[in-house]
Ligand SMILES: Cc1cc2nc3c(=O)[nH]c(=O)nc-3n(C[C@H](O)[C@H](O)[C@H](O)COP(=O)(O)OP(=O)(O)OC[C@H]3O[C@@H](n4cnc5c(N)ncnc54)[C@H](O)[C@@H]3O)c2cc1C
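Here we start with a single chain on its own, the form predicted alone, put down as structure tokens.
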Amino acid sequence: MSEKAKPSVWVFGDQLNVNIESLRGRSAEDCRVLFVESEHKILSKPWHTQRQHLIISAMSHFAAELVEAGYEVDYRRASSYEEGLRMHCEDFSVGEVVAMAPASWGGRKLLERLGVAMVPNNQFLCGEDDFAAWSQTRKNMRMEDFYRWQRKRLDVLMDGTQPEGGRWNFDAENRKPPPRDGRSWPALGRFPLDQTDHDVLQRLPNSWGSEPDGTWPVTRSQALERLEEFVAEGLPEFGAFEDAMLKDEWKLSHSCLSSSMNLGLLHPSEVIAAVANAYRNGTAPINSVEGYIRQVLGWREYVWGLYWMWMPGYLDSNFFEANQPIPPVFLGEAETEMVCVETAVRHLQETGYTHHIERLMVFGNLALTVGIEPQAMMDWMWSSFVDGAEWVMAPNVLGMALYADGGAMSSKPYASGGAYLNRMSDSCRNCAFDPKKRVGDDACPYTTLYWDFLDRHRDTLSSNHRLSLQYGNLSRLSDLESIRVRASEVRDRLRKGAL
């Protein structure tokens, strides 16, 4: 085969593994590999510093690993993906370009327009077609049903035909509030930044958030080390406190592996296998193991399937016609006396990460009850988190957090007053606001906004059977007019960055 006849395999920044479908079965002799570092993509959003560094550094490291393995690699820094491909094809007289199907709708449409051949994406355990086929068998879509189907068909955490431990679900053991004993939490090992990391930082635009400190793996070997570290140190206590929040501990026992899976440095199957083995070896309890596998095999795969089933119209979802902007406090442009919000923003600024309850019940809950525009909220979270991606954020933000899809994703809005935050965090102890109060200058904004949210959307939500108790309680409130006044004041102060 002549050099000019070699096909080019285009690898994107979330496909960083030699086992991706487009490289599988190929050798260094029969293809060249293209990477495009797109200036347009880098400048398309105000990315967190650690997020933009993570993706470009991981892509650069993987390209260097392929060179070391003997591959011919063309790493292009171009104004756009289109321009990078055009220059590559001209310079190498390329006749065929193939890529693994991107993880975004727009990415696939781009490759179709550019005439790039696509092979299926193999970074998930349930492909889009398989998920669509499963959904056709369901009268109602429930993640729990999908999760059980996944475990059965893939034989994950199963004892014959029954679930390990005798139950499918150990959520009841996994909702403990944060312990008050001042315990220490597993420390994450840091990976020293190398020359590639420093070169990437030099050429990327200045952005916001703390500089990279080696928290996030940028190579497969680092990701494997982080996986081993989590299974040994974090997994045993992960389950019990997976929903807890602490001011001075940003991750508790969470794995911090989501970015590695989303970039392709780890495959979900190897993560699940390592976690399941810990249960079989007796080094981690069933509630932690099942709780973590539920997140990866259940929730992560469910979100992936829903994204492809509902795109592209899903991105326009706005059930409540919410139109408020992202508040300055979320952007780090204002301070706040709400300790839970200050804490989550600080965690995000410092690490490019918060765990799922801070995302859902601090950021998402406030955005829902205030009425922040769903698309603005999704873009903000996508650009802010190291593990963000459109397929991740669309169902999680538009559906789960904001109910912008009108209930396609969840059976009721995840709105909550301050009582939940008081139970599941230590933020309320020294806060200026009282989670038990609905009205008054010291009333918790979450509590005020919760009742106001139910009131404002009574026409659309009161028929929801899962909210019958809440609406019964709402109808008995004697201070509803005061709540409305206080809520208007809270929204105004939040918009001005003065809350």
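Everything numeric in this text was worked out from a predicted model, so none of it was measured. Position 1 is the first residue in the sequence shown; the rest follow in order.
Although it is not shown, the form predicted in complex with the named molecule is what the next lines describe.
Note on the interface: of 69-77, 159-167, 276-284, 260-268, the segment with non-hydrogen atoms within 4.5 angstroms of the named molecule in the model of the complex is 260-268.
Remark: residue 212 does not count among the residues lining the named molecule in the model of the complex, judged by a heavy atom distance of 4.5 Å or less.
Although the partner is absent from this view, residue 397 contacts the named molecule in the model of the complex, with a non-hydrogen atom inside 4.5 angstroms. Put simply, residue 317 is far from the named molecule in the model of the complex: not one heavy atom of it is within 4.5 Å. Proximity of residue 142 to the named molecule in the model of the complex falls outside the 4.5 Å heavy atom cutoff. Think of it this way: in the model of the complex, the named molecule has a heavy atom of just one of 222, 121, 351, 295 within 4.5 Å, and the residue is 295. Of the residues 360, 408, 370, 116, just one reaches the named molecule in the model of the complex with a heavy atom at 4.5 Å or closer; this is 360.
Relative to the named molecule in the model of the complex, residues 238, 389 and 393 are all within 4.5 Å by at least one heavy atom.
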